[in-house]
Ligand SMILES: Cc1cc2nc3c(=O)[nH]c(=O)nc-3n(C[C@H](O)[C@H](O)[C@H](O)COP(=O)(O)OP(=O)(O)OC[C@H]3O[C@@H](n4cnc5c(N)ncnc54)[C@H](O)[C@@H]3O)c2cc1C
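Below, in structure tokens: the form predicted alone, a single chain.
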């Protein structure tokens, strides 16, 4: 879809957890055409302060009402300004930008792993997977503590099995999301797993049951994505990761968000933010 620069009306902007906000925008002729994994580039204030826009992932997409939901965490001046914008006011937005997640044919069971605010685009992906594939979805949510865990209910309502991992153990298992992924893979030697068991209920599905049919999707900090790439490499699991990088222009002009891939440097805002993790050069 050709990207648009337009005014988006704020329908909802509320704090759902300490420092975490959910915003719903009405953008005429826009929402139903955005894809999971894409993002909006938003002018946070009413004027040009701050100068740079903020890239915010598409969190949920309405096909009928031109409504896009965003999930963001206040961690700087731009997001602080966004958190103060009220219902009925308008934001200047450009989007949808970037390339979103792809779902190759043959995949029927999906594992999504999120670190921190990495949950934001994965809810839109889970929505799409549940709607069009109607197969099993397992979600691993990693967070610093219980207060930082968001979107569990949203994933459960979609029909996904949700595993929560917190660094301090205040909710779910204690540790890192990547350690949980490693444990799941280790529990089931996917190279020997039966591929003919047939799908069971969502809550029973594990990655080991259907290895070649598994689509693994990750979003979170660079360190987490690097760990995921290392974990899955021996099993040759196709894994797409959505990168969170600071951006200048957001449209591929400034190269401020470039990362090193097997094809050379590529821009997170233009060629990404979703990449095959096997294509990334992890220095």
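What you are looking at is a predicted structure, and each value in this text was computed from that prediction instead of being measured. Residue numbers count along the first chain shown, from 1.
One more form of this protein exists, namely the form predicted in complex with the named molecule; it is left out here, but the text below deals with it.
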Spell it out for me: taking the named molecule in the predicted bound form, does every residue among 57, 79 and 247 have a heavy atom no farther than 4.5 Å from it?
yes
So in the predicted bound form, does residue 243 come within 4.5 Å of the named molecule, heavy atom to heavy atom?
yes
Does the 4.5 Å heavy atom contact test between residue 124 and the named molecule in the predicted bound form come out positive?
no
Answer for residue 117 alone: is it within 4.5 Å of the named molecule in the predicted bound form, judged on heavy atom distances?
yes
Taking the shortest heavy atom distance, is residue 231 within 4.5 Å of the named molecule in the predicted bound form?
no
Which single stretch, out of 22-30, 45-53, 60-68, 231-239, brings residue heavy atoms within 4.5 Å of the named molecule in the predicted bound form?
45-53
Of 156, 89, 131, 75, the only residue with a heavy atom within 4.5 Å of the named molecule in the predicted bound form is 75
